[in-house]
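One chain comes next, on its own, written out as structure tokens in the form predicted on its own.
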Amino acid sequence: MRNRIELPSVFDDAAAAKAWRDAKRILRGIRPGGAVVLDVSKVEKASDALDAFATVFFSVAASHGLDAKTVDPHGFASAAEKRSAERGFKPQPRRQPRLFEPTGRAMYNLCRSLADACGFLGETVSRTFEVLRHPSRFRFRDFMAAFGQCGADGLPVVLSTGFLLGLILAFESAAAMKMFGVEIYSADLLSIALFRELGPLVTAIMLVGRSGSAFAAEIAAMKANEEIDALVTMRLPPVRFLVLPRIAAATAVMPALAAGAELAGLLGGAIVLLAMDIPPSMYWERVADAVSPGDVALGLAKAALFGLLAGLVGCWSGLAAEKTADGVGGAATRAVVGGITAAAVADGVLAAICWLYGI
């Protein structure tokens, strides 16, 4: 019989676990009003797990509106069946999902996240003004630790990425311009792209992936270990103790990292053009002519802004994490995705503003 659940001769805890997996599969496949049979006739030796299994089986079957019967010549499940009849479980109709319910739930979660983010941003600004009024409250030791984590530890990755970026851009642009005999102008393209756009943006992606995720994981782990609750209990604001030093370190170190990536990219471009018989003196002269102090200042300002966004998103993801191991991993993921998205959106907005005002 298809709607029959047969129990083995020896019914212990392991057998109960396997039987319940099979029972759930069978119960899900029966429509309300149908019948299901619990066959206990083969059971010869049973532990207390059988009584628990039968109790849960009768209650779940009744809640699904099923007619549950037993084949139990030895009376192993009779007590559970009697208790189920006395309790009188009422069938619960299966709830059909509504058409717009998932969309509404997603919008509610989005609005709640935005409200939490606005609250975090407001508290961060408030604590920043508080530290500016009382500089002694700023944790300079934590700032230096975060500065080293973001800067010195991440410098090799940033320099190598910038070098490869300049190498690739110079090769692609010079290969196209060589057809017209103007491959020297790839130095102009490379220098402007690095200083105004790609240098700060690529460095921000490196910072977010390396340090922003670390910020989120560290704070989320502290939240899971209830260390943040301890700070709140002692009336010590977590934003001032944990967030401000990390945000300040990311903002301060980003211009230096971006400058290093830009110089490494220019070095990569010089190597490519040297292979195309362009003298280094001519290459660096074109770079100096193409890049103005305003371009350098704009790139450094963008880098500082991207560092600020990376720190904010990383710390907020950590504070908004759940107090579980999965929450720590989810916080790191949200920090990377949110930080890269925030940097890309900010870069696009700044590019549009610069184009409108001719900067």
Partner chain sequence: MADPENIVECEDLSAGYPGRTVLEHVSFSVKRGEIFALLGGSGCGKSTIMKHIAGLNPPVAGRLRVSGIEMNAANRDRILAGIGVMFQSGALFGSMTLLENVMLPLEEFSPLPPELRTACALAKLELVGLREFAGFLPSAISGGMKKRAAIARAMALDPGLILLDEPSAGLDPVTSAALDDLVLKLREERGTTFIIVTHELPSVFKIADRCAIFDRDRRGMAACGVPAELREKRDDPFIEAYFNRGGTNGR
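Here the structure is a predicted model, which is why all the values come from computation and not from measurement. Positions refer to the first chain, counted from 1.
Only in words, not in the display: the form predicted in complex with its partner chain, which the text now covers.
- Glu226 belongs to the set of residues with a heavy atom inside 4.5 Å of its partner chain in the predicted complex.
- A residue is said to contact a partner when one of its heavy atoms sits within 4.5 Å of a partner heavy atom; Leu231 meets this definition for its partner chain in the predicted complex.
- The shortest heavy atom separation between Leu236 and its partner chain in the predicted complex is within 4.5 Å.
- In the predicted complex, at least one heavy atom of Arg141 sits within 4.5 Å of a heavy atom of its partner chain.
- Note on the interface: of 175-183, 160-168, 205-213, 218-226, the segment with non-hydrogen atoms within 4.5 angstroms of its partner chain in the predicted complex is 218-226.
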